[in-house]
Structures are given as structure tokens and as C-alpha cells.
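Take a look at this single chain, the form predicted alone, given in C-alpha cells.
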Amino acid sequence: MKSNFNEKQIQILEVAEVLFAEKGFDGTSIRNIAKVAKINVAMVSYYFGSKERLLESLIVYRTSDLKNQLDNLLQEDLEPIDKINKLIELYINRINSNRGIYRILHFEFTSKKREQNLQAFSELKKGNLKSLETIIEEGQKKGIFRKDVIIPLITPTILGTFFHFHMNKPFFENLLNLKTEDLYNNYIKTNLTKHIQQTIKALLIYES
């Protein structure tokens, strides 16, 4: 699927993202998207075909540069643990900046049928897992990381912590006195990211 979109397509994608996040994927129609984007329904269908294909395009639009960033990270001259820390930082920043699309993907697209239909999401997850495997295997070869790590469970550990924190936003805002959106986002960028990095490090590194 192509990752270069024209101005009109980007306008449609950005409207769709907001509506999907607000109303849910099933609760949003092509007609809703066309109305808010102030364009003809036929135009949406012409560019994207179906609502599923539109969502696939949205995933590609929002994540194509993540793949490049991960590829660059793999090439960097860093120790494996530093690469893991950077990868976690990348993930958390990316998800926190695009909460809408990730919320849709992780909470609405858990059924097998949907997963099979949404190839772009599947490809994204496979690519991300491959990057993680490459870094962890490098650390294992160097004798730094444990050999018994269950690599596919690392990503849910990272994302699960973030999503639990975010889905309970009012509770944590009150508990941690995060009175503004800036304070909340800064807490995610610093404290929460560091906590996740320490958790993953504890899972990967041999106890001394």
C-alpha cells in the first residue's frame, strides 16, 4: 500500500482519524467522514474504496516513518540495552502523539476476522517485532541479555503499561497531581517511559 498521499486524501484521513477515535470504527460511516471533511461521499469511495481500506491507509499514513526510525535505530552504534531504551522511547512518544489511531487499533481490532482483514496493522506488528528480535538477539549473542526471554511478550508489556495508565487518566491525574495536559504528557515522556525502560531491562538482563 502506498505511503504518499495527496492533500485531499490527507484531509480525509485526518477527519476519519478524529471520528474513529470519538465514535469508534463501527460508529463512524463513510457519510459521516464525507460530511465533516466537506466532500462528496463518492470522493471518499474513489480514493479509498471501503472504510476498512481507509483505516489501512490511515495506519500507513501514521506509521510509515516509524518503520524508517526503527531501521535507523538498528544501524546505530549503540549497546543493545541503549537500543531497547530508544525503541521504548520511540513507541511511547509515537503512541502518545497518535492516541486516537492506536486506541482504535488496540481496542477495536482484536477479533480474528478483523485482524485478517487489516493487513497493514498485521504487517506493522510483524515489522516491529522483527526489530525487537534483532536487538534482543544481538544482546543475547553478547551475553548481556537472558536466553529465556519470551520476545513476543515484550511489546505487550510496553504497550499494556502505557494503555493502562492512559485509560485511567483521571485517576492518575488526581493521584499524581497532573493538573494540566502538559504536566500529564511530560510525566509520560519522563517518569512513565523510564519506568517501562526499567521494567524491560529487569526482564532482559541477568541478575547480578
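Just so it is clear, the structure is predicted and the values come from calculations on it, not from any experiment. Residues carry their position along the shown sequence, with the first being 1.
The form predicted together with the DNA is left out here; the points below concern that form.
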### Summary
Note: the DNA not shown here; in the model of the complex, the stretch from 162 to 170, 25 to 33, 135 to 143, 179 to 187 having heavy atoms within 4.5 Å of it is 25 to 33
### Message
Is R62 near the DNA? Define near as a heavy atom within 4.5 Å, in the model of the complex.
### Response
no
### Query
Looking at the partner-bound form in the model of the complex, is L153 within 4.5 Å of the DNA by any heavy atom?
no
### Task
Classify L175 as contacting or not contacting the DNA in the model of the complex by the rule of any non-hydrogen atom within 4.5 angstroms, answering yes or no.
no
### Query
Does the 4.5 Å heavy atom contact test between S50 and the DNA in the model of the complex come out positive?
yes
### Query
Since the partner is left out here, which residues of 29 to 48 would have a heavy atom within 4.5 Å of the DNA in the model of the complex?
S29, I30, R31, I39, N40, V41, A42, M43, S45, Y46, Y47
### Summary
Under comparison with the form shown, the C-alpha atoms of G27 and K169 in the model of the complex shift by 3 angstroms or more, placing them closer
